[in-house]
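Here you get one chain, nothing else, as structure tokens; it is the form predicted alone.
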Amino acid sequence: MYKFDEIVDRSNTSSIKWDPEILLENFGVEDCLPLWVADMDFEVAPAIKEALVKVAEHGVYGYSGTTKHMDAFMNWVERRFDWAIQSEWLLNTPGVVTAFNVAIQTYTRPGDQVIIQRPVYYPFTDAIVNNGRRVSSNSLILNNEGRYEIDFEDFEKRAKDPNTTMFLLCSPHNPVSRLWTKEELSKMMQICKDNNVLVVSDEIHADFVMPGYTHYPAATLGKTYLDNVITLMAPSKTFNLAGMQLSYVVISDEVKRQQFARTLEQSSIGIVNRFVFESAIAAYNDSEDWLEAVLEYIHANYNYVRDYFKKELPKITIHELEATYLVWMDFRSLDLTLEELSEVIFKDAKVGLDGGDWFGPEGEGFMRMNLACPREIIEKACEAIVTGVKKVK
């Protein structure tokens, strides 16, 4: 029904992911296969495209405002996660990155410590440092079975530090693709509650859950945690709408919500774009079947990558894809330096992956591959990587 195998030409569309100048800056070559930036190379769901065309054809693009997209989001969250959000809990920002920067500015002071769990989405570190706060990394532990775990002893130690005021949670986790269990989340929430550490939970990948796994919004784990969690969600990853610049900020505590809203007002941050509203409404109300089809396609892409490397180059470990459409690849057994690995993947193989070190020093020797693209591109990238590695090993 959906043409996910069809290659959509994104050249000359101002795409950050595909722009030759940006590729040259990041990878040293202009013509690499870009499997880095976390957006999809698929057309959006038909309902979204139809809605946007209708707005464009109207021809008048004045100031706009509505609450219909809020209703659509609340209905979606209740269907998908059995979470009944009250309308007054909701605020909007132009994106999740904007939201956690605003949260840091609102609820912490210069010099405060913010806990993150590296290797983790690099804007987490940037947001902390750029706002004059200090990174406190409860670095994830890679166990003997090749699965990342939380070091709870270290987490509690960091939470008890009087300088720690916030925990920036990545759930599901990007880039290691861990879907935290209810038990893991509850333990972290309790530690934060006990130590007066505010939890800001980035759940932008919440809808990208692979078969056999379940996502639990951190705020739903018990009433005792609800007012200590600020949840960030968006249609951007779910429906390939990153360029529409919309996220939802869920804050049940009235005082915290007013504080967050005040920071938005001080920066004059608002959503006034009708294209944004209509795309979100069409996504949440009329595109669920498209998402289910995308999930199936991406899971098949993951199986292909896992099986291909197991056969052709078993030294490269492909981590289990529990959630997101981003697979974490372990190249450490190749015994290459960071510079050598980058040379092989970026310049020899000409494949643009996110370097693991971008996510913190804990990611050195790893790389992240975006699976949200036609199978043909995945196949070419895998073949190129294997060929490039075999030439040097």
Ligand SMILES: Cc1ncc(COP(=O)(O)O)c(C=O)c1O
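Remember, it's a predicted structure, so these values are computed and weren't measured experimentally. Start at 1 and count along the sequence shown; that's the residue number.
One more form of this protein exists, namely the form predicted together with this ligand; it is left out here, but the text below deals with it.
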Checked S236, T125, N138, T108 for heavy atoms within 4.5 Å of this ligand in the predicted complex; positive is S236
Of the residues V327, L33, I48, A38, which one places a heavy atom within 4.5 Å of this ligand in the predicted complex? A38
Segment assignment from 68 to 76, 202 to 210, 264 to 272, 157 to 165: heavy atom within 4.5 Å of this ligand in the predicted complex: 202 to 210
Contact label in the predicted complex: G132 to this ligand, heavy atom within 4.5 Å: no
Could you tell me if I281 has a non-hydrogen atom within 4.5 Å of this ligand in the predicted complex? no
Is there a heavy atom of I85 no more than 4.5 Å from a heavy atom of this ligand in the predicted complex? no
Spell out, yes or no, whether the shortest heavy atom distance between Q117 and this ligand in the predicted complex is within 4.5 Å. no
Quick one: name the residues from 157 to 185 with any non-hydrogen atom within 4.5 angstroms of this ligand in the predicted complex. C170, N174
